[in-house]
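The chain below stands alone and is given as structure tokens, in the form predicted alone.
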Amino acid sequence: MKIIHSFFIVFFVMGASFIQARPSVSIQNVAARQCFSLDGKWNYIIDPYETGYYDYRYKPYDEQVNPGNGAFYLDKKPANKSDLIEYSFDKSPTLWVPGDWNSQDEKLLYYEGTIWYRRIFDYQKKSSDDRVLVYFGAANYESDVYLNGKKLGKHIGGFTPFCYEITDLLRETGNSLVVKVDNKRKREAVPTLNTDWWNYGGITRDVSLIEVPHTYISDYLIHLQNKSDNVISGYIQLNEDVASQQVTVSIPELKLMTTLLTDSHGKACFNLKATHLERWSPEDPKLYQVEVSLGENKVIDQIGFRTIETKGTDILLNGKSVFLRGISIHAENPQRGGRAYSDADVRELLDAAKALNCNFVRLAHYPHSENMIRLADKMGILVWEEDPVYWTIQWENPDTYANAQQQLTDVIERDKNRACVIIWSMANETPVSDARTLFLKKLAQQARSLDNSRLISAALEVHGNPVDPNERIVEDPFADVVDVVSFNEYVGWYDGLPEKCDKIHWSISYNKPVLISEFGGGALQGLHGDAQTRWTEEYQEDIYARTVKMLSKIPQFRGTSPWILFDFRSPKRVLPGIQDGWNRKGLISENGVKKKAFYVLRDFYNQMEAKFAQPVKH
């Protein structure tokens, strides 16, 4: 019997019922498979009233009961000169996929609603027994997918992958793939209505056809066993519940190989003892070629082996204390002001972080692309990944929780083999309440059930002491759950002037490492004045200089990821002549020019690198 591993599907329906869809399927390491790219120009139709989805009674078209000529997913052509069809993909303009629609067409800059995408393609299978899947890296926010007029499925969540089998619907020529993408913000969604970044809509990451054998390796986990020096463990999972299938795991450089038989669920677990194992680290991001095989079907990956844990107030990477010299990053190409998706996009962002002497990045406030994570693996940059639970989520709504849990599950399943990822973050700046704390505790429990080899955190808030105006207190019931106590603070920007940093003292009672997940202030690059004048580079520079001195007095201080690397687009930032739709807290402008605060932070990181220096391997 076939089993569907459903970590790319949301198990609930928001709104009206829709056409029965097939379940999503899982597949690990798409780039290593036999792929056929569907990237390129797709025809599109702007549909703010969802005319192509609902009939005149405002009910979804149903391919069995009420198909109707108006259903855009049918991609119909007039049968004769009298036939009434009020849309045409063939005559419609095109958008580039992957890419957001906002940065590709000026009239779509602020658009929030539905756009229909259509791509025509031909495909001939290499083997008649093979399966074919269609894979989407991400589309923001809700996506309804159709092939040749038939519903494949609905995906909810703007930053995680989804995949459907299309073997039975595929034609050798003239396939019509239609995707309804809706980026409207919703109160019950994750993230919710109110965010401080641009709501980029569209198919924002790669789309591929993947051809695989009838029975194939759908998933695997290969990592250094927790608190072990030399035991590599994990599992291989097939797409079907088939027992006694012979699978092989091989790491040629370590001269390791084992052959296993799958159990009745198509799964095989293993432990391998390695000798002379080189640990992955920022100083030496060693990746080994790992091969997993089922018969002639082989999947090759590049995997690093390291341990991460906490002991008292220390973060231990491979058993040694590390200071996280970080920066927060949005998935945005600052030069064009659009969603970052390409190898060049992520290279620009991580190269800038390296120029700052970072060994760590916080990927805010949602899962970034897989190529971002893989490049961080190669470059030796530690990573914080975050579930988009942001500000005021509907804590008591079970569908909202299911959505958040599914997005967290998706990103953990996608990136669990990447050594660079050391922290799963549950949320950002969520006001304390009983419902909120229960929500986050359940998420943390889910994360640990999926992956107990990484640290749990969240960007918490701080509060003042009404008796002592210079005391800042970190006291949050969720801090008892996390491995690393992280919080955002803006002394000198939202809380007084920069000189206030000199007076502040911190009350943090947790015997855990402390990571300052955000601090900073805004500056318009090129605007100069004294350190008391808002929006000047000097004001921002003064905040950074005073803040790093203030934070260094915290005994548990083990890292920081200031807000933020580059200026980024935000509809909330409307001050004419200064913001103009950009959040100006970046250390680098949208034109790539470094502000004065960049050099303050870099100098501080140079000092911390020397203080926490690891022995150089010879």
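One-based numbering along the sequence shown. Predicted, not measured: the structure shown is a model, and the values here were computed from it.
The discussion below concerns the form predicted together with a small molecule, not included here.
For the residues W42, W563, Y53, W582, the 4.5 Å heavy atom test against the small molecule in the predicted complex is passed only by W563.
Residue Y390 is the only one of F305, F72, Y390, Y146 with a heavy atom lying within 4.5 Å of the small molecule in the predicted complex. Contact annotation: the small molecule lies within 4.5 Å of heavy atoms from the stretch 427 to 435 in the predicted complex, the single such stretch among 427 to 435, 246 to 254, 112 to 120, 283 to 291.
For N297, no non-hydrogen atom is located within 4.5 Å of the small molecule in the predicted complex, even though that partner is not displayed. Of the heavy atoms in Y235, none are within 4.5 Å of the small molecule in the predicted complex. Proximity of W96 to the small molecule in the predicted complex: non-hydrogen atoms within 4.5 Å are absent; the residue sits far from the partner. Contact check for R33: every heavy atom lies farther than 4.5 Å from the small molecule in the predicted complex.
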